[in-house]
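A lone chain, given as structure tokens: the form predicted on its own.
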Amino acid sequence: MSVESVARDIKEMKIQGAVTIAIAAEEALEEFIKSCQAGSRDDFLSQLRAEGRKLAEARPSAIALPNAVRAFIEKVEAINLGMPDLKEAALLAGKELIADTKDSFNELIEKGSEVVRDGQLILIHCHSSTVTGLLKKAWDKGKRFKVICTETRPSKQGFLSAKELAEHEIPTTLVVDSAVASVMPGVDMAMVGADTVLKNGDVVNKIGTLGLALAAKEFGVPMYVATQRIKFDTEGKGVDIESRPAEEILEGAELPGVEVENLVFDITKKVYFRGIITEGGVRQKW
């Protein structure tokens, strides 16, 4: 797929999940390199950077996206070759980066699956391929548990999680977002993914994560965040909390005189989490 189509699909949330987004961006840059007709090194790098900016700006709250784009371009910039050898070497570097991203994901879900225990009732929010991945990995290891998925309004990403887990034969229940506090007393563990882990350790994730964390704290339920290091804001740049179109909430309804605010993400302080799960393992402090 072209850079333009991938950027559009990311912006329109047709491609979801920070790791999936990062890999899609890396693959889009790979496709651009294949078709690039630049005649000089400088022209090639200039075009590559421009294409990278289109991708990086598609989802401002998901730092895995600009991190993946930056890593890709830095790998290419470090290749001391002229055209056309640079193009071939860049394609190889891109394939290596994509493989590394996938390997770190597999390492994370392997280590994260150890957190899951037999007989648990686990509450998850939104759709995180990392969270569903480690739950499926735990199930494949013979652990037996149940999962509650929030609906995750307004885009209903929770439907994706519920469908994916049910197809893996994991007992799964879907609840509306406002039921979180009501079901929490029976929950053994809550888990979410992350769009960004800020430099101070706080977590940017789908709107509703903060409310879930507050309910978990109230009822003494341990909560974990599972995420790859590619989502860490190591430079301390922070992220913009984006708002999306009101139509996603209204769904065709008309409310004259009513202002609709469709915030997509919130920020949850790291003190609300029992630990963080990365490809490096489970840490109680970070």
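When you see a residue number, it is the position in the sequence shown, counting from 1. This structure is a prediction, so every number in the text was calculated from the model and none was measured.
In what follows, reference is made to the form predicted together with a small molecule, a form of this protein that is not presented.
Shown alone, this chain has one stretch from 72-80, 178-186, 92-100, 192-200 that lies within 4.5 Å of the small molecule in the predicted bound form by heavy atoms: 192-200. Exactly one listed residue, out of Cys126, Ala213, Ala162, Leu134, brings a non-hydrogen atom to within 4.5 Å of the small molecule in the predicted bound form: Cys126.
With a 4.5 Å cutoff on heavy atoms, Ser113 does not count as touching the small molecule in the predicted bound form; it lies far away. Looking at Asn205, you'd find a heavy atom of it within 4.5 angstroms of the small molecule in the predicted bound form. Though the partner is left out of this view, Gln16 does reach within 4.5 Å of the small molecule in the predicted bound form, counting heavy atoms only.
The closest non-hydrogen atom of Gln157 lies within 4.5 Å of the small molecule in the predicted bound form.
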